[in-house]
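Same chain, two forms, each on its own as structure tokens: structure 1, then structure 2.
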Structure 1
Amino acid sequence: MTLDEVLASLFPAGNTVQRGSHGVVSGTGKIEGHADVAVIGIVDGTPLSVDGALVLAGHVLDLVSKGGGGTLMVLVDTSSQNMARRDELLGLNEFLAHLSKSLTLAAAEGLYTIGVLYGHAAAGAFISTALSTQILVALPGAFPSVMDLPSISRVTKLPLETLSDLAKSTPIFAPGLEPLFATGAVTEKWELATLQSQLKAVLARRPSGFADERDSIGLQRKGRLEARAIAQRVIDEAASHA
């Protein structure tokens, strides 16, 4: 889907979302019977650079400064983080973390953060955008990933065919929407025909707290069987330690 198609589907009542520099968008979306939602995003498959991450974080911190809660929607169609010597030299890890921290602070301060993934998102760009929201929704065409299979093949020294076969039996490493849905990364999958009702249902289901439930979701969906129990065992041992 293009950005315009996504905006038209989410906000038939209208929006003021504008393209800025470095592949970043910002504005507001109108939803019938609901307060306007703030919208930011990284779009058009643009790699997330130090510049783009800083602009996005600035928008988020402005919203938090205004106070009053509300809803923040984060549109995501990026590739991966910008792979460049300059970005690494300037400390890309700090810029990505700063964006992710800003989104996490927004949720802690009472903004309801909803990620809307409609294109690609990989590796560090995936962590610092889509995975930094409270709810992550995938639209048709969403393709989240950590690393593509040819790169995994190169690192693990396993033939691509073997990996492709393995990917059919486990969601633990393969790229794509279904494996990442199963492991708990993606909260919901939306279809265009039902998008408006799904959007309104999510808006009505504002989380009351700040807890991270993704390991429980991954367990329910049988995509990540160990993580929840391991984390709990550490918590229990720590609690009983003097």
Structure 2
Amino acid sequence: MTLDEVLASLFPAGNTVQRGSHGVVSGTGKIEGHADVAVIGIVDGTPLSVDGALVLAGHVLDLVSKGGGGTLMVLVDTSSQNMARRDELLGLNEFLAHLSKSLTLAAAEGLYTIGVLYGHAAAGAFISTALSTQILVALPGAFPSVMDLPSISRVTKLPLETLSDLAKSTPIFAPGLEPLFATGAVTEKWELATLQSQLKAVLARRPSGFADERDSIGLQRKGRLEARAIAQRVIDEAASHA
């Protein structure tokens, strides 16, 4: 699935999205009966670099500075973060965190942030873009992962065979669309032919405030059974000490 196909289906009334440097795109999309949607993204499978993260965060903060709410869509098709020596020495993790916090700030300041994953996304690049939006939707062919099983095996020292068995019954151990949908990380799955109608439906359900419902969704889908209860316990205990 190409960027042009996604944009044409999302915004049949037209768009001004243009490619820039470092695999980043930006512009607006038109929807009849709605205000224009601000669009940014990392596309074409480009690894997310220090430079790309700065450009994306700059677009986000520019929108925040203008105020007035609105909708921000983040298109995602990136292999992973750019694991080059230069980026690591510059502190790539800090730049990815800056991007993630910029998207969180945007939502807190009234922008409705929607991630649209139409290709690959992994590790820090996935977390700082797609997972940092309020709602994440996946299109056919999307393949998200926080960490693949061989990498999890190296970090946890658990045998790959053990993790492969766990992944069959426990979504949090498994990369790919279906496991992340089960955990609530992916909110919805959309079909290419009806993207605009599905987008309009999400716009109509715009939340009144800044809320993260992924733990509740994961509980409903039986992909994350403990997260909601633990989060509520933290909230209750914090409130009791206020």
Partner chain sequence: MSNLIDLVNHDYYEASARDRIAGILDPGSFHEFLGAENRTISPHLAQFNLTGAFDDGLIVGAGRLEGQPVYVAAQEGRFMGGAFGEIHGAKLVGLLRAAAANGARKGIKAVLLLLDTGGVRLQEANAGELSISEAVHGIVEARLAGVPVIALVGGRSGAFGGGGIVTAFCSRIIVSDHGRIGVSGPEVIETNKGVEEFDAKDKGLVWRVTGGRTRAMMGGADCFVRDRIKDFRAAAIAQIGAAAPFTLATLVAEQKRLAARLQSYGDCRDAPEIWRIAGIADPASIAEVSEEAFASLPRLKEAAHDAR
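Between two forms, the rigid core is defined as the largest C-alpha subset superposing within 1.5 Å. Sequence positions of structure 1, starting at 1, serve as the residue numbers. Fair warning: this is a prediction, and the values are worked out from it, not measured in the lab.
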| property | result |
| --- | --- |
| Number assigned to the form predicted alone in this pair | 2 |
| Core-aligned CA displacement of R233 at least 2 Å between structure 1 and structure 2 | yes |
| Core-aligned C-alpha movement of I135 between structure 1 and structure 2 reaching 2 Å | no |
| Displaced residue check between structure 1 and structure 2: M83, CA, 2 Å or over, core reference | no |
| Rigid-core-fitted C-alpha displacement of L158 between structure 1 and structure 2 (angstrom) | 7.1 |
| Angstrom shift of the Cα atom of A167 between structure 1 and structure 2 (superposition on rigid core) | 3.3 |
